[in-house]
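This document starts with one chain, in the form predicted alone, laid out as structure tokens.
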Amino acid sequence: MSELRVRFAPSPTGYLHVGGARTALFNWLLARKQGGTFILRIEDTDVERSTQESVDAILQGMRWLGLDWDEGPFYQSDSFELYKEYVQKLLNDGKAYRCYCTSGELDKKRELAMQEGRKPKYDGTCRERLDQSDAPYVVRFRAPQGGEVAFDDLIKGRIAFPAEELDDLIIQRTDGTPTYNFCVVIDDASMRITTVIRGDDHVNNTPRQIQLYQALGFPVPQFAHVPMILGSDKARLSKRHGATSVIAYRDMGFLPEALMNYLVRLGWSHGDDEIFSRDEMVQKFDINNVGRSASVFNTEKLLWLNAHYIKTGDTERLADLLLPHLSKREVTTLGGPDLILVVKTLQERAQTLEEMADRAVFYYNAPQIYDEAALAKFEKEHLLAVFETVAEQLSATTAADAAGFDALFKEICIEKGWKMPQVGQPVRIALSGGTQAPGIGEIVATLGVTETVSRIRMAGVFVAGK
């Protein structure tokens, strides 16, 4: 096992966002490729917003995608005593200080700085204060002054910040709770994280965190900041662009391998390849090949990938995955045709499991209504003749598979002088209620001759009564 240690550290304030899932995926792929360790950490220090429901949603999304972790999940809320120890260490070493400035005073300092055209950062009023008042206080990090803080980002290249732009960061609030940037440094150091892969919205946090690593004598990890995902309007991906939850895509009938394949290609490429198996992703992934610019989420591309994975997927597995989608439609497969056979007739054409479920309903629920506009394209006498002829011929046939039934329909056409659409379309409507259905032979083979004949005779009764 290599010394590489990476982590995914979501905040449990909502579902697993596709952007977060992509970050988790990049971490997971790097760990699997290099034989490293992938750690899951739940950053739940925001007590008011963190919920167990969100934790469960994140874990559910990770498991559905198959992003298994090697250590964890660890919870920041279990480490408050550790954070306090390090706050005290910085205070003892003179690398942190108590700040008694009130929020009102800080607001005035910010307003004055902005009026004078200065960056609205803390002016260091309490930096050299030696007395210890009984008034409420926060603890600030005594940021080194002068020079710059620089790091070589694995994706963006060298990034440097003038130290004068970094103010004295609050590391502990007045209620004694630690702040995000401080917790992250302590966690990553104590977990021996060697590479931090995260969204590029954290770039501005990185120099402050580097200063904390150095002040505490911790080794500084490598950083890789992944560009954000945008919606079609080039704004940051949000609910107004459609679903952003990983589990929402599961519920919409997407396969985990399709979403995983799509996410890995959002910002990363390997030549012109589009389709990657799980093993191929691990083998070919290179964090240095992640692009520097933001990626646009394209639902049509995801649908194309999902259709590919449905078309080439294991039929038995697809049948199992289809069951919850049929249940949503109050469809039971008990007493109906074999669901695996049903899936075989549909997987060539379905883009999602939801779409497949819609198209599978007729196999288990005989149509109660028919597409009358489609039926109206044929003379009533012709429809009755087709239904009667097909019902009689099927009742007497020895055909047992789709090819045999298709051959039978061709014989009927030759015998009666009909064209195939003149027979196939009315029968398809009789069996499914509409015109969008698999091939006639496939339907008959899946439904069985008895059920097929029964439905054709029911359609004949409907047409006769018109």
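Residue indices: 1-based, along the sequence shown. Bear in mind the structure is a predicted one, so any value in this text is a computation, not a measurement.
We do not show the form predicted in complex with a small molecule, though everything after this point is about it.
Considering the small molecule in the model of the complex, the lone stretch of 238 to 246, 320 to 328, 195 to 203, 130 to 138 in range is 195 to 203 [heavy atom distance within 4.5 Å]. Interface membership of residue 75, defined by any non-hydrogen atom within 4.5 Å of the small molecule in the model of the complex, is ruled out.
Although the partner is absent here, residue 184 sits close enough that one of its heavy atoms falls within 4.5 Å of the small molecule in the model of the complex. Interface membership of residue 180, defined by any non-hydrogen atom within 4.5 Å of the small molecule in the model of the complex, is confirmed. Within this chain, residue 406 is remote from the site of the small molecule in the model of the complex, having no heavy atom within 4.5 Å. Residue-level contacts in the model of the complex: of 456, 9, 21, 443, one residue has a heavy atom within 4.5 Å of the small molecule, and it is 9.
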